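Only one chain comes next, encoded as structure tokens, the form predicted alone.
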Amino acid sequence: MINPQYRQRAIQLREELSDDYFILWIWDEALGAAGSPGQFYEIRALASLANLQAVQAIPKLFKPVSIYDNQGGRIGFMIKKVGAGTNALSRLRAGDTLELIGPCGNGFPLTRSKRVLLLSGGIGYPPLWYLQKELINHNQIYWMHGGASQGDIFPCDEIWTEDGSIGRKGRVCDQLQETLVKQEIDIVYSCGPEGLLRAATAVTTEMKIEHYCSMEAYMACGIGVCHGCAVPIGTPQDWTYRRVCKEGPVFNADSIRWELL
């Protein structure tokens, strides 16, 4: 794994998924060889200084975005429009330029010959898409994905929506224990809102099932300098803080001190 580096890369393609979701594709063979599932980039739209209005409209901070796909250097970032940073990115088109810092953080540990459950909610979907491509040839995979409504849903094996607009009505963890038993799951990989990760960890810990989760956190720097994204890690008797952007974003779910968050 290389240290995060700053780059500027032209957007090769913008792919529309829905009103709120889109993918920005870039090309860089060196970055493609360096990245792994679960890692992310700090990205930001680049505006020309000749266009003062555009510069003022772009947030100063970079936005952490997981690697959605990596095809030998064809790298995709799946993004949902939720705030100023992602709305600025949503205005980009093919030919525009991205500022990137990365690849950042530590990714998912890969496994072989296991029955794997992928568990995601909303924008927690992208890093698991890249992960399943790396696991699928050597494991048996079952994927559960949930969202608020149909607009948050993407290809998977089992769909949950809070409004019942598609799939099963409820939250994706509502019957997690039953699914783990039925599918005879050996290991769980998860990404999504804190509530989802917390609920899933309670189940996997009780059932003694290995579980790795990708944490979401507000990141000012993304490279481990500011410590603003630190979370408590360890045992109830012996714990410390670890940075989501540096030691994470992937952690053993059982090591996170959820009660302290």
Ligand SMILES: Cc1cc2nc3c(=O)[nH]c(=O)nc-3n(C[C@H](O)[C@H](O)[C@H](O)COP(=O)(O)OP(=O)(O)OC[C@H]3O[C@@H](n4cnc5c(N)ncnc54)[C@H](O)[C@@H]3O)c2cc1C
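When you see a residue number, it is the position in the sequence shown, counting from 1. Predicted model, so just to flag it, every value in this text is computed and none were measured.
As for the form predicted in complex with the ligand, it is not shown, yet the points below apply to it.
Interface membership of residue 181, defined by any non-hydrogen atom within 4.5 Å of the ligand in the model of the complex, is ruled out.
In the model of the complex, residue 37 stays away from the ligand, with no heavy atom inside 4.5 Å.
In the model of the complex, at least one heavy atom of residue 65 sits within 4.5 Å of the ligand. Residue 84 belongs to the set of residues with a heavy atom inside 4.5 Å of the ligand in the model of the complex. In plain terms, the part of the chain that comes close to the ligand in the model of the complex, with a heavy atom within 4.5 Å, is 122-130 out of 122-130, 169-177, 156-164, 138-146.
In summary, among the residues 78, 185, 118, 98, the only one with a non-hydrogen atom within 4.5 Å of the ligand in the model of the complex is 78. 219 is the sole member of 231, 199, 31, 219 with a non-hydrogen atom within 4.5 Å of the ligand in the model of the complex.
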